[in-house]
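Below you'll find only one chain, the form predicted alone, shown as structure tokens.
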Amino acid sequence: MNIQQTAQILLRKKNTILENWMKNQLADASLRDDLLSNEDLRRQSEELLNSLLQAVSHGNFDNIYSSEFEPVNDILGDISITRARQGFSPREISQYVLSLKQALTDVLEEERRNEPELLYREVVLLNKLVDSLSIITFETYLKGREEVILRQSDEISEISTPVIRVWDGILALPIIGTLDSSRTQVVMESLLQEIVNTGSSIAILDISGVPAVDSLVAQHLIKTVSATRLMGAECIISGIRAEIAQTIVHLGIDLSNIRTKATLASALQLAFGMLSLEVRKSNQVSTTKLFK
């Protein structure tokens, strides 16, 4: 089999291959035209096809890690990463490359209709090539999805640990969900930075939204309290429910040197007392005049 001749046929039939490939993609019921316009799809497909045909024009159909295939792999990588961020599924990204296989095969079937044995060998060669490219595409897609997941996790951690200035000199940080090492770091950095920004002297850590407290969570809380004190601020832990108190006692964790309260309201009242502030109900009755 003359591989160079096979490459020349594909180059000569490039426009036909592109049109067949686009037809295959547009006919797919799972086409996500809400995420990618037909114009962008055609532009990406044409760029990839040109690069692929240029690579095989050197007679290389089996080593996709050679220098000739570097542009092909770069284009596939960019497409995979972009589509992973846009929300395409693994099947959709794999189908994009696999649909090219049929377009290439159709052209060879037309050219080799009188040479079945040669056609068979060429189709096997192309199938192996496109399958290898599909694997690379899928691997790159997974890396892109991992990046998206990690970024979203970081964003969720930041959103779920807001530092609130509840009064002049008093900060509150409600913690919701599990408190692990990485999240403790986010909590600590957010709290310490806000202490610097506002000059606050009291910080309230509310753990009402923490489902359970074990020895590891308690150690994370103690570290946060210690870091807060090093910044010259006092820390109060609120949201100590009955079951949490029992767990802490059973675990033998010493929180005696940390101010704790059952509710956020009680912690805020304690903070007012530490700052010599008093909040009272006003007896003044407001009146509203009605004008006709």
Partner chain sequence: MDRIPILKMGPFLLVTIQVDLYDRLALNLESDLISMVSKTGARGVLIDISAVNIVDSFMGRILGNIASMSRIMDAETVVVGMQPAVAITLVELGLTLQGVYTALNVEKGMELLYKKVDLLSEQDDTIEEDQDPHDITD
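Numbering follows the first chain given and starts at 1. The structure presented is a predicted model; accordingly, all values stated were derived computationally and were not measured.
Beyond what is shown, the protein has a form predicted together with the partner chain; the following relates to that form.
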- the partner chain contact at I207 in the model of the complex, heavy atom, 4.5 Å: no
| said: Even though the partner isn't displayed, in the model of the complex is G199 close enough to the partner chain, meaning a heavy atom within 4.5 Å? | reply: yes
Is G232 close enough to touch the partner chain in the model of the complex, meaning at least one heavy atom pair within 4.5 Å? yes
Just checking whether S182 would be counted as a contact of the partner chain in the model of the complex - the rule being heavy atoms within 4.5 angstroms. no
Exercise. For this chain shown on its own, do S89, S94 and I135 all sit within 4.5 Å of the partner chain in the model of the complex, going by heavy atoms?
Worked result: no
Counting only non-hydrogen atoms, the one stretch of 79-87, 99-107, 189-197, 122-130 within 4.5 angstroms of the partner chain in the model of the complex is 189-197
None of S226, T263, N60, N50 but one has a heavy atom within 4.5 Å of the partner chain in the model of the complex; the exception is S226
